[in-house]
Every structure is written in C-alpha cells, then in structure tokens.
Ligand SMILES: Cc1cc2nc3c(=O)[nH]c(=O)nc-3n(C[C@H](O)[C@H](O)[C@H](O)COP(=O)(O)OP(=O)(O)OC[C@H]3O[C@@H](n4cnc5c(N)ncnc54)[C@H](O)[C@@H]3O)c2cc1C
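Read the single chain below, which is given as structure tokens and is the form predicted on its own.
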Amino acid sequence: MTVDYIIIGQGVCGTWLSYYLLHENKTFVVIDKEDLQTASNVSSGLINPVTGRRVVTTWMADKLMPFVWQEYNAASSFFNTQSINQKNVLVFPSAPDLQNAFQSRIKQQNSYIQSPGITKEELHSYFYFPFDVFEIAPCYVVSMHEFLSSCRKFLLQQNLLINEMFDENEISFQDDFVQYKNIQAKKIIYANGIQSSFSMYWMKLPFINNKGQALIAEIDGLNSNYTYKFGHLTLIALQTNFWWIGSSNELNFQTTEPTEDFKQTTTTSLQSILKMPFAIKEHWASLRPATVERRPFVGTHPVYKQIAILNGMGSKGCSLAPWFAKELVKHLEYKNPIDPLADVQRFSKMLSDNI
C-alpha cells in the first residue's frame, strides 16, 4: 500500500488530521487500536476562554473561539453527527478575592465575563453558594466520544483505519519515503497522545504525564443548559440527567487507574454544593499528553524528515487540536509556517543530540 501519510492515533489530534487531509484530497491510513479510556475519549469536551484565579483569557482564545465553533459544526456535518453545543460556564467564586477579580473583569470590554442569564433564585434551588455568580460566554462543550466514534465509523467504512497497536520497531526510512510494515508513505505523523512520550524519536521532548480523573453522576432535574464551575469542580451535562464531574490535574500519582481517594473527595465536594440527590455511575481516569511550556508540539522532526508530530495539547486539546491540525497540514502540503510557540523545531537541538 502506498499513501501520502500514515497517522498514528485516532484521538482528537488524529481525527482532525484525517479531516483536513480528506479536504486536501490526500491519501492516508490511520493506525489505532480502539481504547475508550484514552484522554480524548474521557475528556470533558469543555472549551472555555477564561482560566485561573486571576480570571485571565486563555492563549489564542480570541482566534480559537470562532474557529472551533465553525470547524466542529462543519466536521460534525461531514461525519454525520452533532458534537458541539454552546453551554456557557456559570462560575461560583469561593472567596471574596475571586469574586472581586470577576467583578473587575466584567467591567472590561471583550473579557468574556458577563452577568448570568439565569436568576439567583433558580440557582439557589440547585446549589449552596455564598457569593455572586458570573457567566463566561461563549463556552462550548464537545461530545468527544460521539465526535471520535463518528469519525472512526467513517474511516472504517472507507478502509482508512487499521485497528491495531502501532509498533515503532516496524518503521524504516528511505531517502524520500517511510516504510511501516507493508505501507509506504511520504510522512508518518505521531498523533498518539501520551504514547509519543515513549517514542525513540520524540522521547526527548519535555512531555509531562498529567493524570485526570472524573466521575459520571446521575442528577435528576439540574438545568442542563449551562456548565457549572466551583473551584476545581466542574459539572458538564452529557445526556439527560447524566453529568461529567471533574477533573483532577495530577502530576504525581501512584497509579494510572481511578482512585478511591479521588472518588471520595469529589463526592464530598459535590455533596457540599449540590442540594439535589445524585448517584455516581462511573469513574474514569486517563493520562493527558501535557508539556512543560503548556504549548503543543507541532511539525517535522529536525533529523528524521519523514516523521512529524501533532501532540502535547494538554487539557486544551478540544480547541487546540483542530487549529494546529490544520496548520500542520498546510505546512506539510504548502510549506506554510507553524506558529513558533508550537513549532517542534524550537527543540531541534534537543531532538538532534546523540543521533
């Protein structure tokens, strides 16, 4: 088999690479062993332009917010699904200084902060909270499982996906192509999440193994038109009466599996804010491919020109992946530049040492 590209991984990065390569009429094959516990599959899908106790606008938010709305809707139509909805975040400050930060930002133009479009009376029927409430708008929620599974179904129907584990030892390089088993390609693109950090070609990059955990809870009657945020605790509607509750951000952990400590702590926190009964139905955990700089790895290897990478999106993968997938495809096909803050060439010396 001869193709233009081999894509390793069908998480959020591999899915967006597939989408943009299809639109460039390029031939490719995706190699991915299905695993419903990957970071992409268990992520919240929340796209929020505001972060932190200082209530700052996230990196590239002004460009990303209109872009992701347009692109997810277009891709959803292409893959015959509906995967993105606007669900603004209602923030419940836990201390006076955080409330003051929101009040200060709400006075600024284009701050994404506004007064809530729901009454305090209704919110008090759901939650215990001592301070004012603020709305971040727009915010979006992507149903990642629905989006990824719809793309996977399409790729399988078109014979564009091989459902097997990727074996890096099967790669061999020629002058103008790369060989993987019986497949020849111009380039092979690593979009396989945390697994790239173990690659002999990419392991020198400053990855951080970041563990996230979340609970799935059944809550009857909670208004699902919004996402709710209490400190580190976020409640995101999945389907009728089911909510994603999380998430942790663990840099030091003993196991990659769900832990009882997280379940108990999160359940106690939920009991302290929620006036309604709930039942915990599932407990998820996965490792995110985060980076020291909190900036992605995008581009071609400085030594092995036949391999490229799209990785390191961290907790912002839902918004960063489509942007940088499109940027990488345009770079590979038309030599368009990659944002220097994301271009993997910033680590060219590190990646070239001892080769």
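Residue numbers run from 1 along the displayed sequence. As the structure is a computational prediction, the values presented were derived from the model and not from experiment.
What comes next is about the form predicted in complex with this ligand, which is not displayed.
Touches this ligand in the model of the complex: Val329 (any heavy atom, 4.5 Å): Flag for Val329 set to no.
Exercise: Glu164 in contact with this ligand in the model of the complex, heavy atom 4.5 Å: So Glu164 counts as contacting this ligand.
Any non-hydrogen atom of Gly317 within 4.5 angstroms of this ligand in the model of the complex: So Gly317 counts as contacting this ligand.
Ile6, heavy atom within 4.5 angstroms of this ligand in the model of the complex: Contact with this ligand, no.
Contacting member of Thr259, Gln195, Asn88, Gln99, with respect to this ligand in the model of the complex [4.5 Å, heavy atom]: For this set of options, the contacting one is Gln195.
Answer range among 269 to 277, 224 to 232, 239 to 247, 88 to 96 for contact with this ligand, defined in the model of the complex as heavy atoms within 4.5 Å: One stretch meets the cut-off, namely 239 to 247.
Stretch 288 to 304 - residues with a heavy atom within 4.5 Å of this ligand in the model of the complex: Sequence-ordered list: Arg288, Pro289.
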